[in-house]
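Single chain ahead, written as structure tokens, the form predicted alone.
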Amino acid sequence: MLQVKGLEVAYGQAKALQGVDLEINKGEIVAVIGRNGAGKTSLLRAVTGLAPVIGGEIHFQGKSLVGVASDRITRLGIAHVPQGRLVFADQTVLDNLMLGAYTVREKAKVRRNIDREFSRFPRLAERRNQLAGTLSGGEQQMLAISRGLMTDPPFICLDEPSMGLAPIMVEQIMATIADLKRQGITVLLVEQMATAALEIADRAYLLNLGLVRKTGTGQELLGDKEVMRQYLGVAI
């Protein structure tokens, strides 16, 4: 579904990605893990048209994404849930969801999708008229995910969805991501909390200093002591 070949991203003279190859098949959860500064967010932003690509290829369902505007990439079927959630703080929960559906022209479909997201996260339904900026971190992450799903994307990119959340909320968010796969949505999950991501991932890529250092199934990387110790700083 997504194929990345030799991808290079640079910010001025600093290279964030130095020739990354990655593939994601339809219906998979693929995790990209690594320490801060590894290039994880740059990879995701390149896929969604938000990072300066200076080399390589990105193809989504056979179509090149290099040089394509981010709003056009959204219309092609890729949703982006950004790091830090970035909800519209001065708008209500309901307004945030409606803003997420800006490419959907059918009002009836927008209403159906709102009802679906309120069923997915009942807490959002309870707070539908509350300003998003007054929600807890976990509630804002729920809203960010639901906002990204308002266009019925077949492919969703999630950037650090566990950031700043309590362990019980991380479990809920990861369970929701696993449910997305069961619903037929393909997921590219960028995550620093490696163990949580690898537990639900079909496959994973380990990035370090802009390069892919290891790849394998989620369980293979989860059981790799070198990966855990050397690249992720997890004591074994």
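One rule holds for the numbers: they count along the sequence shown, beginning at 1. Predicted model, so just to flag it, every value in this text is computed and none were measured.
Absent from the display: the form predicted in complex with a small molecule. The rest refers to it.
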Stretch from 195-203, 40-48, 180-188, 66-74 whose residues place a heavy atom within 4.5 Å of the small molecule in the predicted complex:
40-48
Contact between residue 35 and the small molecule in the predicted complex at 4.5 Å, heavy atoms?
yes
Could you confirm whether residue 221 comes within 4.5 Å of the small molecule in the predicted complex, counting heavy atoms only?
no
The small molecule contact at residue 83 in the predicted complex, heavy atom, 4.5 Å:
yes
Does at least one non-hydrogen atom of residue 160 fall within 4.5 angstroms of the small molecule in the predicted complex?
yes
